[in-house]
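Just the one chain here, the form predicted alone, laid out as structure tokens.
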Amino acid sequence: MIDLYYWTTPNGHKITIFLEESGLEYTIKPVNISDGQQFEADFLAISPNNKIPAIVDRRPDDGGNPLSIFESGAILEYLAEKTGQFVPPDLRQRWQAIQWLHWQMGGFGPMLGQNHHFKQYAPEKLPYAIERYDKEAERLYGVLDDQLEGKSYIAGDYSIADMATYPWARGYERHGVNLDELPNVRRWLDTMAARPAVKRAYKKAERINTGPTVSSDRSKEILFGQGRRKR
């Protein structure tokens, strides 16, 4: 039913977690972003921002032609609406889940990505940039820890907010974050890691790609050196 265009990144893991949790039938279409497959014309027709993940729903609810969706947050919302799962029906609880999904999309993911980039991949180690994103990582993990106080999951019930946030938060060591100061985050990470569907999602990732995404100067150029794409 669902074709998932995927690579083994935090944003890719969000969608395999949802699909494993929901039981939807799906097929993974690997897009090796280190080799530049995200710039091929067939993929750009589905994901014009040349980023994974993207999906094609072969059986959309309106009965029409296959429907493509890009951007991981939009995909999670679409799949939640399609299945009626992982967004509570109650108005207030629903918007708790959605706003925390957008928190991840707008802040937690992008800021941690910059944190990792400037510490791991930047050719010049810029103290200002490293400190800037270390402080922002500290702040964002603190926000998450506060939100998880007294809760099993971010929005109360398990939801797309947890699926979006977990693949980024499990990289806390790369972000320079000490979980001793974040007991609620530590507990939640353990809870998420123990879910059978989460385990299955990461097992699938291991079968698709066993190496680092950024492994050479060529992969760095592909991932970090692209300007405007010429038509």
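Start at 1 with the first residue shown and count on from there. Fair warning: this is a prediction, and the values are worked out from it, not measured in the lab.
There is another form of this protein, the form predicted in complex with a small molecule, and it is not shown here; the text below is about that form.
Exactly one of the stretches 49 to 57, 180 to 188, 22 to 30, 201 to 209 approaches the small molecule in the predicted bound form with heavy atoms within 4.5 Å, and it is 49 to 57. Residue contact with the small molecule in the predicted bound form: residue 72 places a heavy atom within 4.5 Å of it. Although the partner is absent here, residue 214 lies well away from the small molecule in the predicted bound form, with no heavy atom inside 4.5 Å.
Using a 4.5 angstroms limit between non-hydrogen atoms, residue 172 is distant from the small molecule in the predicted bound form. Within this chain, residue 105 lines the site of the small molecule in the predicted bound form, having a heavy atom no more than 4.5 Å away. Using a 4.5 Å heavy atom cutoff, 9, 14 and 39 all lie near the small molecule in the predicted bound form.
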